[in-house]
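Next comes just one chain, in structure tokens: the form predicted on its own.
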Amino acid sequence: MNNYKISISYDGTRYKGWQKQGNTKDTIQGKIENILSKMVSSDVEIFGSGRTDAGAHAKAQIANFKIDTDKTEQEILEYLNEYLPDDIAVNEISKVDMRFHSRLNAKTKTYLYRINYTGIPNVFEKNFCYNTKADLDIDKMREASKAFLGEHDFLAFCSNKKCKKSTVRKIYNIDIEKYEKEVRFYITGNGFLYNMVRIMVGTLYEIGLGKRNNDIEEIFNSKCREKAGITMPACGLCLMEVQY
């Protein structure tokens, strides 16, 4: 029995998210588990570094699984990519210590959110960015984003109203870059709650539009989801990197 760590890229457009669900076969975790289980003729459970939303993407989702096989890492990689659909790819695989767990051992995660604000849809990137027509004040958004840095209770930036675990998270860095016809938000933290990145960006988006003042501190103190901004569409969200 060995523990394997893999890096996965996927276009999440047609999937119901990472996490396996009983009412659908269209999840990333489910697709990979199904192929691995057929490969070793027994049930395999795969653990991801985090649960990406339905419709969201990943450049380098990290996962691990334990199996007993005579196949080399390269052969497992080739087997997975042969049978996975063409919008999911395993980029790397390696044997790791049996104690390694992709979620529990993760130190930081970096997400990217993309907004095409020109009003002219980018037809070749429409599944990977939010298309809108907006006059965004980048400087205001950058200034407001500083309030997210550090450790805070992000309950107001979470869509799960029944969350029983700690909602305290730490944000290490936020970069807001203007790139050709897009605004790109890079957010790095030690972990993220359900819809947290999309709500953070939605709040900054409304500040950039001039629809709200920089009231992020007040939102934190309220611990009320209704006080924060909109939940941005999942299409613009991509998990870029997980560090250990």
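Since this is a predicted model, take the numbers as computed values, not measurements. Start at 1 with the first residue shown and count on from there.
The same protein has a further form, the form predicted together with a further copy of the same chain, not shown here; the description that follows concerns it.
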| property | result |
| --- | --- |
| Partner-facing stretch of 168-176, 100-108, 77-85, 142-150, counted where any non-hydrogen atom is within 4.5 angstroms of a further copy of the same chain in the predicted bound form | 77-85 |
| Proximity to a further copy of the same chain in the predicted bound form, single hit among 158, 136, 96, 90 (heavy atom within 4.5 Å) | 90 |
| Contact test in the predicted bound form: residue 73 vs a further copy of the same chain, heavy atoms, 4.5 Å | no |
| Non-hydrogen atom contact residue 207 with a further copy of the same chain in the predicted bound form at 4.5 angstroms | no |
| Exercise: residue 117 in contact with a further copy of the same chain in the predicted bound form, heavy atom 4.5 Å | no |
| Distance check, residue 198 to a further copy of the same chain in the predicted bound form, heavy atom within 4.5 Å | no |
| Stretch 167-196: residues contacting a further copy of the same chain in the predicted bound form, 4.5 Å heavy atom cut-off | 181 |
